[in-house]
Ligand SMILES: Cc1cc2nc3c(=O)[nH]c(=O)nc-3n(C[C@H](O)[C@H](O)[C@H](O)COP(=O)(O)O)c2cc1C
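One chain comes next, on its own, written out as structure tokens in the form predicted on its own.
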């Protein structure tokens, strides 16, 4: 057992949100002092290029950190050094907001799961942007995504996504529009086709204007919930393609509560993540892959806790994968464990690159 996995025991004695804050503080200190978890394992089999209008997003491995861990872009370099091929920060909203009342983060240890009802707590775009500015022009800059959202009390939530895109343009490697958090009332309504077309239309127009003014383009992704029907997933895929976005992340947390949950905290309100989300999110991924039919890059998230889970997502249609909740239970050593297992599974299947496995089980 590695040192960082041993450190999980005292962290789990703290209330979940306090433990997370302590982790971020430790990583910030380590980032400054050049300490903390470190990985140099980046096998060529896992290097991935995601094509988009005007360029290619190159990641050194296909395993990424999902949004929610680093809400204010405090420690993207530390998480990149820990072995992630790409790091998604946020969700960030235009104005700072406190989020929902505490307690709002719960460990379901018996289920290796987490429930959160954080409510997009973050320090706002200006702080987030100032943190991203540290990496401009640095050779060691991580592949960093900005996950953008809307303020709870915004009078025009769609405008908040445009504001985020404009403020952070040129500061991140890619953007994700998060319309699927269950913890901002009414936000998931944006996943309906009419609202989705309006939102993605505004994003596409803003993107075109920014490209024209700056001469630079960046990938833009959409993140959806796992609770959508097959028809709603199809609508999300078609709208994403129609408006020229570059990938779909499947998926966010779920409001469902599987009967298999054993923890007494399973009745807490919020989004469920971790191991119990795996089946639902992977089923949604398969549906998206079937509809996309090769026209759209998919990113698999939800319940990944092993190389077997990551490989199942890839074989279901994902070109990249993301995880977060499993780190709560297995620590940063899990990142390299997953990468090594992926390479072994590729070779066992007679494959030489991860792209050859994408959709192979669809």
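The structure presented is a predicted model; accordingly, all values stated were derived computationally and were not measured. Numbering follows the first chain given and starts at 1.
The form predicted together with this ligand is left out here; the points below concern that form.
A heavy atom within 4.5 Å of this ligand in the predicted bound form is found for one listed residue only; from 240, 172, 253, 80, this is 253.
Picking from 40-48, 22-30, 63-71, 289-297 the stretch near this ligand in the predicted bound form, with a 4.5 Å limit on heavy atoms, gives 63-71.
Taking the partner from the other structure, this ligand in the predicted bound form has a heavy atom within 4.5 Å of a heavy atom of residue 120. Though the partner is left out of this view, residue 303 does reach within 4.5 Å of this ligand in the predicted bound form, counting heavy atoms only.
Contact annotation: residue 164 falls outside 4.5 Å of this ligand in the predicted bound form, judged by heavy atom distances. The closest non-hydrogen atom of residue 142 lies beyond 4.5 Å of this ligand in the predicted bound form. Residues of 264-290 that come within 4.5 Å of this ligand in the predicted bound form, judged by any heavy atom, are 273, 274, 277 in sequence order.
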